[in-house]
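Take a look at this single chain in structure tokens; it is the form predicted alone.
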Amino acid sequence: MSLSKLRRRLRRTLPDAQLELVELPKCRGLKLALINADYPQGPLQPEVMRAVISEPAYWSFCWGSGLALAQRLMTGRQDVRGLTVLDLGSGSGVAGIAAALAGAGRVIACDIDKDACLATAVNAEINGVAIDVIDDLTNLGRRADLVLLADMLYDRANFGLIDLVKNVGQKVLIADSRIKELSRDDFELIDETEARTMPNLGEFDEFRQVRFFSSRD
């Protein structure tokens, strides 16, 4: 996969942006191609704002919950050795890459955004791991042992994904900083930690606390 192609995709949305290879904290050397940390935080030009709305380059950030989930996998607090792992809404691919580095037998990353699929593939190559990238769950094939869902519940409309992933995975692990409880009997809060989005371009402190919810056996 081509890092230069990914750069062109980013500049289609943000013409002045760059991609930097960034080593994530507490992730044993895992690196991602992320938007430059010194990208200006001022108001965007109207044409750039329209491009951001049309094609948001969310895959050029390592969102806090994804980082926290990657750290959990890389430190062995969630054992994925030998498992088939599905990273749904993969974005940059950070969770799936961490699962692969932590010994997962197979990793599938799924995102409906084709640029995110490219970002996942490029970042997987940077880290020397093999990940199957799909843009539709109908291409999943066999049921996954574990489904990872990070930073996907920012919108109440996305809560339907929870029932969807329970149908395609034996177990589900949710990491999210925007919800304090799920109010579901089939999930339990198992842990909390702090993590910040990288690069942090003005994220509110209230989204620093990441909570992990696991489906009950």
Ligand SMILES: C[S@@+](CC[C@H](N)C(=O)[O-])C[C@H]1O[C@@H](n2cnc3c(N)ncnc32)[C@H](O)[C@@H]1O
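Don't overthink the numbering: it's just position in the shown sequence, from 1. Predicted model, so just to flag it, every value in this text is computed and none were measured.
Same protein, other form: the form predicted together with this ligand, not shown, and the subject of what follows.
Select from the listed residues 88, 133, 144, 124 the one whose heavy atoms reach within 4.5 Å of this ligand in the predicted complex. By the 4.5 Å criterion, the partner-contacting residue is 88.
Single option in 152, 172, 35, 30 placed near this ligand in the predicted complex, where near means a heavy atom within 4.5 Å: It is 152 that has a heavy atom within 4.5 Å of the partner.
Okay, which stretch from 72-80, 97-105, 110-118, 124-132 lines this ligand in the predicted complex, with non-hydrogen atoms inside 4.5 Å? It is the stretch 110-118.
At the 4.5 Å heavy atom threshold, is residue 187 in contact with this ligand in the predicted complex? Residue 187: no, not in contact with this ligand in the predicted complex.
In the predicted complex, residue 161 touching this ligand (heavy atom, 4.5 Å): Yes.
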